[in-house]
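Here you get one chain, nothing else, as structure tokens; it is the form predicted alone.
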Amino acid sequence: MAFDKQRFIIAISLLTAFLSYSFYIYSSLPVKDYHISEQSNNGKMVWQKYNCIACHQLYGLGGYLGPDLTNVYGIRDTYYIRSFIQNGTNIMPAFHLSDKETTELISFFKTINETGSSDPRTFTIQPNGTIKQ
């Protein structure tokens, strides 16, 4: 009987610790309040619809056939990006996006660029499991 009571106390203690730590993690996330336009949100949908992540990366995560596009908007101008999207290259196919989809995708790149850089080698893992640059 005493053994079952001990197990119950340990289980309750572990559950309490888990819930407390989870609350701490999710209440202290270092998230900035970014305003994301509807156009940028639609650009994210275009990104997902054409599965761009299969070849390209955002924040160092994704495919490795194409370059990381997290900060492409800060490096290249809109006309350059539009040209690549519409015409493709030897490796990247032309997806024949509409002008609206192209503009939305570029808006998505602009929003992503404003969030910071993406080099995972500069990330520091915090004790609570989040990362910091």
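Note that the structure is a prediction, hence the values are computed from the model and not measured. Heads up: residue numbers just count along the shown sequence, starting at 1.
Missing here is the form predicted in complex with heme C (HEC); even so, the following discussion is about that form.
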Can we say 66, 72 and 105 each have a non-hydrogen atom within 4.5 Å of heme C (HEC) in the model of the complex?
yes
I'd like to know if residue 91 sits close to heme C (HEC) in the model of the complex, meaning any non-hydrogen atom pair within 4.5 angstroms.
yes
In the model of the complex, does residue 58 have a heavy atom within 4.5 Å of heme C (HEC)?
no
I'd like to know if residue 100 sits close to heme C (HEC) in the model of the complex, meaning any non-hydrogen atom pair within 4.5 angstroms.
no
